[in-house]
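We begin with a single chain expressed as C-alpha cells, specifically the form predicted on its own.
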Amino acid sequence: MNIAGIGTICTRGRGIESFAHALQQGWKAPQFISLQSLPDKSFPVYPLNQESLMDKAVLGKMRRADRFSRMAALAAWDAVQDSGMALDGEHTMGIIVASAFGPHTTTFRFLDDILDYGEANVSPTAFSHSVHNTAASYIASLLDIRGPTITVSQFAFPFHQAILLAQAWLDEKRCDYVLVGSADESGRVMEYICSQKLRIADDGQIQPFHFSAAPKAVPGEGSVFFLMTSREDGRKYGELSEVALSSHRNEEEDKPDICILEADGMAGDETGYRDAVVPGAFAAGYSPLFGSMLTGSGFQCAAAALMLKEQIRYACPVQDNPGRVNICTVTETAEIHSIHCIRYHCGQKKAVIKLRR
C-alpha cells in the first residue's frame, strides 16, 4: 500500500508539519496534573491543546461531537488535505478507525448519568456518542465518503489489524483509497487507571531503551490517519509493505535500515525489545514525544514515513541507553530504504509494520 497523505494531532500540535517539527525539536516535558487518587503527587500526562480542537471551518457541522470524535475527524481531514486529492466522488474510499478504548470518557459519563437520573432520563445524544463507531460516522459525513466504514477495537494490536483490513479492501478492489488511522484519548478515568496499574515516570520521561521488566509510562492522547492506495501516483511517503504479527525475522532477506522500538510502558514487560534490535541497523523510539498509548503505532509509522520521504534520520528524543544499542543520536540526512516499527503486547507477542521507500 502506498501512503498518499498523513494527518496527525497530538500534544505537539496538529498536522504532519507539526509532527515533523516535533521530531526535529526533540523531547519536551509533559504537563503535570493533580489526581484525587494521588493527592500528594503530580501526575505527568501529554494532553491535546484544547485550541487545536476548535477548527470551526472543519468542525462546523460537529458542534455536538465529543473530544474523541473531534480529534479523529481532524486527523482524517488533514490526511486527505495532505494528499492533495480532490473529493469529487470519482474514487471510492473506505474508512477504518482503530482504537483501544474508544470514546471512553463519553461512555463513562453516560453510565454516570444512568446511575444519577435513571435509564429513562439520560441524553440520547450522550448515548449515540458513547459507541465506538461514532468517530468513523463523523468522518464519513465530514468528507462525504460513501464507501465501507468500520471501527476496529482491540487492546493488543488495533492499528495493525486496521492496516491488514485496509490491504484486503484494496486487494479486493473494494476501494481505490482507504482512510485508516487510530485514535485514543486520555480522560479522567484513564488517568486514574494508569495511576493505579502502571509504573508512572515521575520525571515525565518514557525510556524506550531500558528494556525493563517494569517500564515507566506517561499517558498520552491523539489521532493519526493515513490515506492508503494501490495507485502509483499516491506514493508520497513511500510504501507500507507488510504487517507481520508474531513474526520471526529472516536474517538474510529482512534487514531494515532503522528499527523503531515502540516501547512506551503501556504493555508491561519490555525485555523482549532487546532481541528485536537488528544487528547493523539503527534503533529509534519516538514515544517520548507524544506519550504512552496502546495505539501509538500510528505515530511511530508517521515518523517512519517522514524519514523515508525526507531521507532524514531523526534523533531519539530520550537517549538514555543502558543497553548500549545503536540508537539514532543526532538528526541528520541519510540514505534510508526501509524501516521496521516493532511492538510487543502484554503477552509478549510481536508485531512488525514494514515500510520502504
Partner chain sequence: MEGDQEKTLAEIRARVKGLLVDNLALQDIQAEDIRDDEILFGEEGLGLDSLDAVEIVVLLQRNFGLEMKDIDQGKKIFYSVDTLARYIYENRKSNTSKEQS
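Numbering follows the first chain given and starts at 1. This one's a predicted model, so the numbers in the text were calculated from it and none came from an experiment.
Unshown form predicted together with the partner chain; subsequent notes refer to it.
Checked against the partner chain in the predicted complex, the residues Ser241, Gln196, Ser141, Thr125 give one hit for a heavy atom within 4.5 Å, which is Thr125. When the partner chain is considered in the predicted complex, only one residue from Asp113, Asp269, Asp176, Glu191 comes within 4.5 Å through any heavy atom, namely Asp113. None of the heavy atoms of Ala315 is located within 4.5 Å of the partner chain in the predicted complex. The partner chain in the predicted complex comes within 4.5 Å of no heavy atom belonging to Leu38. Under a 4.5 angstroms non-hydrogen atom cutoff, the partner chain in the predicted complex lacks Arg67 among its neighbouring residues.
At a distance threshold of 4.5 angstroms between non-hydrogen atoms, Tyr117 is in contact with the partner chain in the predicted complex.
Of the candidate stretches 81 to 89, 156 to 164, 117 to 125, 279 to 287, only 117 to 125 has residues with heavy atoms within 4.5 Å of the partner chain in the predicted complex.
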